[in-house]
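Given as structure tokens, the chain that follows is alone and in the form predicted alone.
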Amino acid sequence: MKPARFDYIRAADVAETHAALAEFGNDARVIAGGQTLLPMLSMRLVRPKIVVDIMHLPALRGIEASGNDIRVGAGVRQAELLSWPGLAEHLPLLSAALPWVGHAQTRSRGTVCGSVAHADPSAEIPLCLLALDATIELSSRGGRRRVKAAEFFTGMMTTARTDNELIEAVHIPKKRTGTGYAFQEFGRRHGDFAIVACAAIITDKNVRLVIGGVADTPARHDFAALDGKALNEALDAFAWTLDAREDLHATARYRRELVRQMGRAAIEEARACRA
């Protein structure tokens, strides 16, 4: 299929993007890497009146380290972040997860913030942002605000972004001393959407486990540093709290069992990394 007719703006700057979003609202779509939007346009799942291209804006292309955060602009491709020299040192969880995002070909076009905007419940980047307490920087003609990932992802492919706002960047906390990170994923084939993905972050007193691919949004749970039978019971209880979905790839029961098995494996890997 071909997309329905739409107008196209190659934005000259961020202000022009804000102006287009203010004028057209929900009838406008922002495009950067286009790895999600172009198929949706072609299948006519979305029919915007206007598409605003931000990929050529230098102001959105940077990866900047400042204080305790790494700021990743809306024009940064997934492959660029994966090849960033500071990734393993400062963002070990994303260093482990990014190779699971699609394929080399899609990562060379797709952007980090594009995955955040799409908010697919099986996607790896939103899961990592939730695990790390990252924030999403939104801007519009009316100003600028930052929203925590836990409040940003509101449902299946829905977010807290309003129609006139641009996702301008994400701010990701740097690795903390004495903390272990691990990521694991299970899918039918490498590069497919995850049937279950999990991220674990371990400190001396706390275990954080974030699960993607099971419910409508990634699910996060913190519990005390447990081991043995107590950890199994905690994982079982967490698995039962998830509103696990069923589809042609897996039943809800199978997904819950993966949460138990992969959750424990991720926690043990993070614990080993911390040591």
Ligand SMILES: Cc1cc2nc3c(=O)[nH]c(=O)nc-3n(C[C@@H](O)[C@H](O)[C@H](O)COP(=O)(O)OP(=O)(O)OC[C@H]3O[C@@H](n4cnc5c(N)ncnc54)[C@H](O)[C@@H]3O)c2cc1C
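Residue numbers run from 1 along the displayed sequence. As the structure is a prediction and not an experimental result, all values here were calculated from the model.
The form predicted in complex with this ligand is left out here; the points below concern that form.
Single option in Q184, S95, T135, S115 placed near this ligand in the model of the complex, where near means a heavy atom within 4.5 Å: Exactly one listed residue reaches within 4.5 Å, namely S115.
The single option of V30, A239, L57, V207 touching this ligand in the model of the complex, heavy atom within 4.5 Å: Here the answer is residue option V30.
Partner-facing stretch of 170-178, 140-148, 187-195, 87-95, counted where any non-hydrogen atom is within 4.5 angstroms of this ligand in the model of the complex: Looking at the partner contacts, the answer comes out as 187-195.
4.5 angstroms heavy atom contact with this ligand in the model of the complex for G62: Close contact is absent here: in the model of the complex, G62 is far from this ligand, nothing within 4.5 Å, heavy atoms only.
Non-hydrogen atom contact T217 with this ligand in the model of the complex at 4.5 angstroms: T217 lies outside the contact set for this ligand.
Exercise: T203 in contact with this ligand in the model of the complex, heavy atom 4.5 Å: No, T203 sits far enough from this ligand in the model of the complex that none of its heavy atoms falls within 4.5 Å.
Interface membership of A123, this ligand in the model of the complex, 4.5 Å heavy atom rule: A123 belongs to the contact set for this ligand.
Residues L130, N232 and M262 all lining this ligand in the model of the complex, heavy atom within 4.5 Å: Negative, none of the three is within 4.5 Å.
Heavy atom within 4.5 Å of this ligand in the model of the complex - qualifying residues of 71-91: The stretch touches the partner through A74, Q78.
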